[in-house]
Structure formats: C-alpha cells, structure tokens
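Just the one chain here, the form predicted on its own, laid out as structure tokens.
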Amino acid sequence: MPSFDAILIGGGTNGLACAARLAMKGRRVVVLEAGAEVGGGAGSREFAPGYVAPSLAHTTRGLDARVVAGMDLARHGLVFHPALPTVVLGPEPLTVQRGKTSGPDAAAYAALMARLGEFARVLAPFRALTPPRLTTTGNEWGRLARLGLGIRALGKAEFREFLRMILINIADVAEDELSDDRLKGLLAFDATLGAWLGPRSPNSLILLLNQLAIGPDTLMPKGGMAAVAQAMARAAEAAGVHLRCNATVARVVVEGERAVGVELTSGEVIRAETVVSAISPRLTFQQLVGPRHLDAGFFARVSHIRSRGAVAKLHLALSGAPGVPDLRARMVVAPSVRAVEEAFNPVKYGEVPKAPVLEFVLPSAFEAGVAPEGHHVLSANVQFAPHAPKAALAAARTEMLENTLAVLEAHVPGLRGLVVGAEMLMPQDIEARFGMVGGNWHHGELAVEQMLFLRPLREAAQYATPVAGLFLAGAGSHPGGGINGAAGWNAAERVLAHG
C-alpha cells in the first residue's frame, strides 16, 4: 500500500495546481485521475475520423497568475496565441476586442466596459481569498475588510455606482447604456454563459464581472486547450508529483472520523495524511464519503447544492472553411437581449429552444493536424440546453443539433453543406463524460447564494470539510470553475496552513 502525504482526486487543472503547490512545499503527492489522461475539460479528443476537437473548454480567459508563475508554465511549454477578437455575427457583423468596437455605440460601449473593468479589477483579489467563516472574527474578516477598502477606493461616485449595479441584471445595464442590439446581445450572452439564468435574472451582472476579473481577453493556447493541462502536468511532475491515470477512486477511507486514504475501484488502497478532492462536492460527499461519516443535516444539504448545467457542446467536422469574417476569432450568435432571454425560457420547462444562442471557434485555424488538409473543426458552446429534458435524451439531443445547425446556417450561409461529422453533448452527456453533476461547468451553479463563504456550503467553504483530513479543491469551491486553477491553488494554501 503506497503511502503519500497527500492524495489528489481528479487530474483537472485545479487538481494539478493544488498538487503542484503542495509538492513545491515538500509534500509527497499523488494525483489520481479516472480518465486516460489528465486535464478534465481541458483536453482534446477525436470525435470523427481525422478530426480532433477540444474535449470541453475551447478557450480560456487566462490562468490564475499565481499558478502561471508558481508552476513556471512558460518554461513547461505554455504559450498563447494573440488574444482572439470577438465577432458578433448578423446581417452586419461587428468586431469587438478589449472593450473597443466600431459604430454609433463605440464610445458608450468603451465607457461601459472601462467601468465594468474597473469594478472587476477591485473584485479580482477576492478570487485568491479563502472565504471567512460567518461565525468567526479576526484575521479572515480583517483580510476581507482590507479588500473591501479597495472597492471603497473607487471614489464616492463610482463606489455608489458599484453598489447600485453589483446585484442587478445584465439586461438592465445593457439597455440603459447601449442602443446597438448586437452589443447588448453580446453582453447578455457573456454574462449568462455557463449559468442557469437569463439576462433578466437578478444578479446576472456579477457573473460578467467575475469573468472580467479573471481576464479581459479570450485566449487560445498554442497546441490547443490540451496544451494547458500538458504544461501543468509537466510542471507538477517536475515538482515531484506522481500522476496516475485510469485510477478511479471508489471511496474515501475514513478511520476514527478522519480521512486516511482512498480505495480504488480495483481494490487498491492508498493511504495519506491528507485527501483532497478536486471533483464535484456532491460526488465527493454523496459517493466517496457517504452518509455514515457525515452529519445527517449536512448530508441533506449537500443534495440541495444546485448544479444545473445549461450549455450543450457542439463539435462539427467541416469539409472546408466556413464563410465567417475571421477564421481566427471567437464568433458569437446572440442577436439581442431578447434573443438570449427567449433561448433560456424553454429550458426552465425541460424543452429545447427553437433558436439557441452560441459562441464558436475554429481550432483548426490555429493548429495544423486537428483536421485533414483544407478541412476544419468547429467547436461551439450552445445555450441554452435543458439539463433534464422532458423528451427522451436522444430526442432532445437530435432536436438541439437540428436547431443549432439551423441557427448556424442562418448566420453562416453554406455551413451546413460543409458538415461531414457532428457531435452534440447535452448537459447529461457532459455529466457522464466529465463527472460534472447536472452538466454544470462549475460543479455547482455560480450564483450569489452559492458564492464566497456559501460555496459549496458554509461548513465546507474554507476548503476543509467536516471530515478531518479531507479537503475540497475543485470548481465547486470558491471562486468557481473555468480553466484557471485558482480554486486548486487556494485549497493548497489552506492545506499547508493546517500543517
């Protein structure tokens, strides 16, 4: 029975970041990944003969600066292409990059994005914060208070505006500040991407600020999204981390009310002083720990963690280049705030929207070898998709694919004739393939009532759990998901602080 100081369950970007940080501090660490390779959603796979697409995430807003510097990812081969512009498709396509655009709303949009960018800047340090306990005082609340002073430093007028805007919906902001439906639709789409809410839902603006706090740019790594996980894996191994793939954890071994290791599905037991789970909190507590080792009330509350996914993943194999304004841009189809809201409404009732909104990129325009010569791969995030469709899953998947192709054809004429292969992953498929409960990217909805010291639950919001020796390090913990590594790095710091 091999023995380690720490076991990491899950080899996604958060698991790798946590493992590397612990190893840098002298801990003997093993990462146990159920899949054939590390990376989780930051991987790649052949979805049709000769066509390779990102497994799930196809871009990033950037990794946590501590992860990039601490793991020295540049030395391990992580390099990004220049930031991608965003093109809002329509009768008159509109290009947007870094808060700048053209047309009659150019000045208003620049002013709005500058203001939102400043709000995001003062919120960014909260992402590296271990959320304080609601029942304690002292250093944790003191640190939170000091970060609050950064918000106050916006100045009286901007501070008042920050307080006015922070919890309102993105639709009101867009419609108050802009007149161009294309820009309003883009803001509505970006704020709700990956979330279970529409642009008129309360608190949708804060989700956009959270994205901007990660970074203002849409980034594509050289070598594709799998290059992020590959660089992180090399860095982790260089730090001394032992990586094991095809190693599925069946349960956390608890002795004397303390986690002391894990048992694999093969029956192998691996022991360690610390067990860290970078997978879903619900899977961790409900399946790996179980009710026997948890307070009944806590176990019941775990089942109430909302984790509804509302994004479908589409991969298309194309026999030629689609007729888009820029092959090396992020394309968005979100004609207006109303279009985004109307795409969300049906999924609340388990139905597929007639006209989903979406974003897509062409990885083959950046990297050779992911498609046959002259061919292309299209990777799209399609909103909104029912995580629990009323119809049979196969029927809902077929309808979702048909409706999405119709939307794409309307905005990129001739595209449908280029399709030689397609894969549509509904939220249920994403859950089955990646272990994301409900198909939710964040392992639990990123909403105000499930953020900071309430994420995933108040008893486990500081990465430590009610089971001694067991910690959380995944997207279900603060500050949420994305190809970023912040939650994993934060969790490592908490583990180290526990001694």
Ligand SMILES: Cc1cc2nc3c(=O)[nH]c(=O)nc-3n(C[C@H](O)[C@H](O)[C@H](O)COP(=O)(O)OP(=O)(O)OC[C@H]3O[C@@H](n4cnc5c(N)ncnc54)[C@H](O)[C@@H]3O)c2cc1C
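Residue positions are given as counts along the sequence shown, with the first one as 1. Bear in mind the structure is a predicted one, so any value in this text is a computation, not a measurement.
From this point on, the text means the form predicted in complex with this ligand, which you will not see here.
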>> Can you work out which of 34, 65, 48, 452 has a heavy atom no more than 4.5 Å from this ligand in the predicted bound form?
In response: 34
> Going by heavy atoms within 4.5 Å, which of 242-250, 338-346, 416-424, 266-274 lines up against this ligand in the predicted bound form?
Replying inline: 242-250
>> With the partner left out here, check for me: in the predicted bound form, does some heavy atom of residue 436 sit within 4.5 Å of this ligand?
In response: yes
> Should residue 385 be counted as a contact of this ligand in the predicted bound form, where contact means heavy atoms within 4.5 Å?
Replying inline: no
>> residue 41 versus this ligand, in the predicted bound form: is there a non-hydrogen atom within 4.5 Å?
In response: yes
> Would residue 430 sit within 4.5 Å of this ligand in the predicted bound form, counting heavy atoms only?
Replying inline: yes
> Of 38-72, which residues get within 4.5 Å of this ligand in the predicted bound form if you count heavy atoms?
Replying inline: 39, 40, 41, 56, 57, 58, 59, 60
